[in-house]
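First, one chain by itself: the form predicted on its own, in structure tokens.
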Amino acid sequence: MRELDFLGATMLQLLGGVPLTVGLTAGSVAVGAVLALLLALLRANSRPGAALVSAYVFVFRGTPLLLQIFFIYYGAGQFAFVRASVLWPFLREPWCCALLALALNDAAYASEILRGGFAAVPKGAVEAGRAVGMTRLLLLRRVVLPLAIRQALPAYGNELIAMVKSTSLASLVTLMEVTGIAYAIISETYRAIEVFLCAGAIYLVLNFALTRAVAVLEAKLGPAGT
């Protein structure tokens, strides 16, 4: 009975960190998606831009996310011009630094996913849009982008799940999301297995809900849903 009581109390404590986990995920994905779209478009329409985007993707995909979080959280304040800038109120906050690092990392991966989606757009669809007199912007909005997103959605769903799990690293910069609370409970009780089992169950539920949401969206955007 004591075990069940402990697990129940632990689960209630960990659930208190779910809003922060969900908020970090939603915020980083929203910002990352906008950046990823801009990066993918820049890469597709500018040779110098493609080189810059390739370098950006190489850096953020080639270095650990943990180092990126540490660099932004601990490193930004080392520069006097950063502390004197209007960005300092933002960069001195752990939540903002974690969100920025997660968003920049997500943008690198998502831009590659979108690049594959753009490459998979049938040339015939683009030519048909041009034949009816669509402008370049209208063609992008009505033809290219919807088809690219449809092609990229399965892979992007995996990236969303990865971002949910990546929020656990925010605990290392003092944020008390699910994993941060788990560490605090373990430091008091020394019962790591039970606490991490509860934390893992919460992440499983979050990712299951996200997987189902992506599956529903895929069904709506697929041929059967159009």
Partner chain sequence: MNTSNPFVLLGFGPNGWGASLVAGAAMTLAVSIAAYLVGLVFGGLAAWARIAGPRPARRLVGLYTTVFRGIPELLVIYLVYFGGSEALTSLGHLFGRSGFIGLDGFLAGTLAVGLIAGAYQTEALRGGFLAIPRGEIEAARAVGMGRLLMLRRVIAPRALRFALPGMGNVWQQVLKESALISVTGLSELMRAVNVASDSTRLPFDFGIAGFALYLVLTSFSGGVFRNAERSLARHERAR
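Numbering follows the first chain given and starts at 1. None of the values given here were measured: they were computed from a predicted structure.
There is another form of the same protein, the form predicted together with its partner chain; it is not shown, and what comes next is about it.
Partner proximity in the model of the complex: Thr211 to its partner chain, non-hydrogen atom cutoff 4.5 Å: Although its partner chain is absent here, Thr211 would stay clear of it in the model of the complex, with no heavy atoms inside 4.5 Å.
Proximity of Leu169 to its partner chain in the model of the complex, heavy atoms at 4.5 Å: Taking the distances in the model of the complex, the answer for Leu169 is yes, it comes within 4.5 Å of its partner chain.
Partner proximity in the model of the complex: Asn207 to its partner chain, non-hydrogen atom cutoff 4.5 Å: Within the cut-off, so yes.
Proximity of Gly116 to its partner chain in the model of the complex, heavy atoms at 4.5 Å: Output for Gly116 is no: heavy atoms all beyond 4.5 Å of its partner chain.
Within 4.5 Å of its partner chain in the model of the complex: residues from 190 to 213 (heavy atom criterion): If the 4.5 Å heavy-atom criterion is applied to its partner chain in the model of the complex, 190 to 213 yields Tyr190, Ala192, Ile193, Phe196, Ala199, Gly200, Tyr203, Leu204, Asn207.
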